[in-house]
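This document starts with one chain, in the form predicted on its own, laid out as structure tokens.
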């Protein structure tokens, strides 16, 4: 890997996840000198195991609140409390390393929701300055470059696409047929879930081995299409890109005219270093990018970098959440369904209610993903204990755990819904609380819009109906109208009007001509899908814009 030192490079990117990795690849291929600064370590495939305690219950991905707290208020008026929520993953590849890999495109209607819901009070939606058609080629690029498996043309609500997925769909458990039949009985249109997991070997990466440890775990064979496994190695192979892990960016320096000149960061050995760059791109997640911009104060930017509008940190959105579950009694199942199967994926989704039919006013629904319950032991014990009031404990919990592993097969449905941005959901700096470096931390204020919660219930009821039609019993739900904190958007949203947005249509700051933000911060709305694919696609789009500037001698 090429080493650039601290001399000025063309581009410095802060963050190596969904918003940073594709950008780095595009710029490195264009011949730009690129330095990526990543706060966390650079894990390799051999570092990932199925040890739930080490990987998911310690600080492998997310720091302990004692060292690097976020402050969180879950409802307007509630006090701020230290939390690990709001972190995605501190490592090369960011949250793409431990994601489940559900990758759906936004729909064309998602780009103009403010106009659609202008009569709904209490939200701060804004229409996108670009259309689906402008982003669609970059969706194609993501699927090709990172590796996405799926089957196109299976359902009537599919967003337009240029052709098939680059990889065939993943294999699935025989119980998927039960979900298909249940959906069809209800007049619904199930389809195979597109996944950022390669179903056949490519680019030196193994095909999926169906270990069922995707969500919350890294992939030991590099089949999951994290940026660490896909685009970042390609960027480094160009010899134009250097990645530095263990580097905590704490300030973006500016000159007296207000242009960004360098990124100041702390190395893993505690040294404070300044990396100069002609262009600086921030991609540290919507929460942490807002924190960095707000902390980068100067005479030219007294309220934070690029924040004359006062909108940095505002309009934060996530994804609304609901989980529904039900049990199939093994003894009542046919032999082909009763036995433990080597493939634990159901690979079925629904978008029939991406916009809820017959609902007046706010009708924005979302996506339902069907899956088999994760079988990791601590998670299983936790979810079973929480389903009773008071919490199950002791012998009663032990019986439920044995039953979960031996007597039943549990089906689940996970709902991804629109999160309406609103004045009470935002990120601010809190200097009264410091992290291990003595830096002010992010204070996250959350308040779900009541329409989000209402529609989340509608989708949960639809998922429940499918599970019941599939033969599941002991049906229940949890976290309906809740929040998926790892899907973050909106804190520096883009738009054509600098009074109502932080970035222009190319994700460049309206105020700082060489500053870009390419994580989910740019998104004016969350969409009714996990946003990872969209963030990656936009990162490729911004990269193409910057590469064109370089070709024209205008990268500065």
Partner chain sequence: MKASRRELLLGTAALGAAAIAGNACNEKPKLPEDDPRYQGLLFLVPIEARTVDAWIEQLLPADHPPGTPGARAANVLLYIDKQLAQKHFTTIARGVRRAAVILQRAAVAQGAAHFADLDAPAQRVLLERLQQNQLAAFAEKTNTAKTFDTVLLLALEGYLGDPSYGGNKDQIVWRALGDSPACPKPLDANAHRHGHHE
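Positions refer to the first chain, counted from 1. Owing to the predicted nature of the structure, the values given are computational and were not obtained by experimental measurement.
In what follows, reference is made to the form predicted in complex with the partner chain, a form of this protein that is not presented.
Visitor: Only one of 478, 382, 274, 239 comes within 4.5 Å of the partner chain in the predicted bound form by heavy atoms, so just point that one out.
Guide: Looking at the other structure, the residue within range turns out to be 382.
Visitor: Please tell me which of 309, 433, 199, 84 lies within 4.5 Å of the partner chain in the predicted bound form, judged by heavy atoms.
Guide: Answer to the contact question: 199.
Visitor: According to a 4.5 angstroms non-hydrogen atom cut-off, is residue 51 in contact with the partner chain in the predicted bound form?
Guide: Yes, residue 51 sits close enough to the partner chain in the predicted bound form that at least one of its heavy atoms falls within 4.5 Å.
Visitor: Residue 390 versus the partner chain, in the predicted bound form: is there a non-hydrogen atom within 4.5 Å?
Guide: Because a heavy atom of residue 390 falls inside 4.5 Å of the partner chain in the predicted bound form, the answer is yes.
Visitor: Just checking whether residue 485 would be counted as a contact of the partner chain in the predicted bound form - the rule being heavy atoms within 4.5 angstroms.
Guide: Residue 485: no contact with the partner chain in the predicted bound form.
Visitor: Answer for residue 332 alone: is it within 4.5 Å of the partner chain in the predicted bound form, judged on heavy atom distances?
Guide: It does not: once the partner chain is placed as it appears in the predicted bound form, residue 332 has no heavy atom within 4.5 Å of it.
Visitor: Choose one stretch from 372-380, 351-359, 310-318, 72-80: the one whose residues place a heavy atom within 4.5 angstroms of the partner chain in the predicted bound form.
Guide: The contacting stretch is 372-380.
Visitor: Can you name the residues of 313-336 that have a non-hydrogen atom within 4.5 angstroms of the partner chain in the predicted bound form?
Guide: Contacts from 313-336: none.
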